[in-house]
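Below, in structure tokens: the form predicted alone, a single chain.
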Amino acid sequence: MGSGAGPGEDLLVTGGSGFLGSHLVVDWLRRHPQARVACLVRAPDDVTAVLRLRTALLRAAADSGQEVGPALLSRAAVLRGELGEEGWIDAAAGWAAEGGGRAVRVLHCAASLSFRPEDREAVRRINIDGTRSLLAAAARLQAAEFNYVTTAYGAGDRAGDVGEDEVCRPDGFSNGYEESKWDAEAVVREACPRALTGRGMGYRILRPSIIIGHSTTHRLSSSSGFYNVVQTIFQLGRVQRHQGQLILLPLPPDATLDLIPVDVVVAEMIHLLDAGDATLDHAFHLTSDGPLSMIEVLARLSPMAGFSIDRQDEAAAEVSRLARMLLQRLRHYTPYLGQIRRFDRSNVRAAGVARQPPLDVERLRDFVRGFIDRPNQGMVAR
């Protein structure tokens, strides 16, 4: 990866105790032996905050099949607080001063990921107002740059090719989460006008697609998104009367599924940060180089749960009771089952990011097994 970062470049991270954030912190500290990270952690007291971050980093290391020692953990400081509050900013300034003039970069990973309509206002408060508050804090800390981790699905209902630097608001969104992330991106672009003025913080907008486990171990310390769909399918398959059934879903034949392993996302993020000013003031799709056929994924993975899924024409007059049941259980995710789009990666390519190892459906089965066969999961892959 790139070599632009050195001992004078430290990270102030939100979401460091989350799945993606913890992997990023561990890999950043491994790749930059002299650098430091400060993580903003929500907790009722300092002891709990430290324990929460340490546990997350150890889990992230375990996901990759490695260990982290005390020396690495000692370079990850904890700032207890919440976005929207100011009490932690003085502590952050003190941490930055201890670096003796090192440049501080902000990496904003924290977010509410809820798709539920009843959570819409809370999601907007966390994802938009929280981002605005962190931008103000970063300016007070004289941060060198602001890196915002958002989602490729901020593209909303846009179909076909989706460009990285497009700023036209989509006509609609699948849920409040997507909309909040698009709006928060606009806040970042407006608050970081370095491209226009030559002064202030530069920004990067980093847009992962659907993140899955580690590409080598297939392990993950969290379960959401794709894995919620997997779990729902396997739970349906545990019901004896559904065994051996064929479920036909009304899906377009050319729908795709864009998945990316967590270590691949992190490697691309670090590459972009290490590339320096050349990658500032742009957005980047951290998405798959080869999206999968949704129909093939469902058809090949469903027999692991004991039944089969295939597609029927979207104009079919009737959908079976079992298909309606499955779609109801997947109601928060059904918009992602029928999407027909390609995320352009021109900016990623221009930054010199290497092409990803191919992810096909057979390899994806290993990720599913790694999730289903986890201890206490209560389900066994076939």
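One-based numbering along the sequence shown. Computed from a predicted structure; not experimentally measured.
Keep in mind that the form predicted together with a small molecule is missing from the display, and what follows is about it.
Comparing 300-308, 243-251, 148-156, 275-283 against the small molecule in the predicted bound form, the single stretch with non-hydrogen atoms within 4.5 angstroms of it is 148-156. Within this chain, Arg42 lines the site of the small molecule in the predicted bound form, having a heavy atom no more than 4.5 Å away. Within 4.5 Å of some heavy atom of the small molecule in the predicted bound form lies at least one heavy atom of Ser209.
Using a 4.5 angstroms limit between non-hydrogen atoms, Tyr177 touches the small molecule in the predicted bound form. A residue is said to contact a partner when one of its heavy atoms sits within 4.5 Å of a partner heavy atom; Ser224 meets this definition for the small molecule in the predicted bound form. Screening Ile295, Ile126, Leu236, Ala184 for any heavy atom within 4.5 Å of the small molecule in the predicted bound form leaves a single hit, Ile126. Between the small molecule and the residues Ala110, Ala267, Ala143, Val188, the one pair within 4.5 Å by heavy atoms in the predicted bound form involves Ala110.
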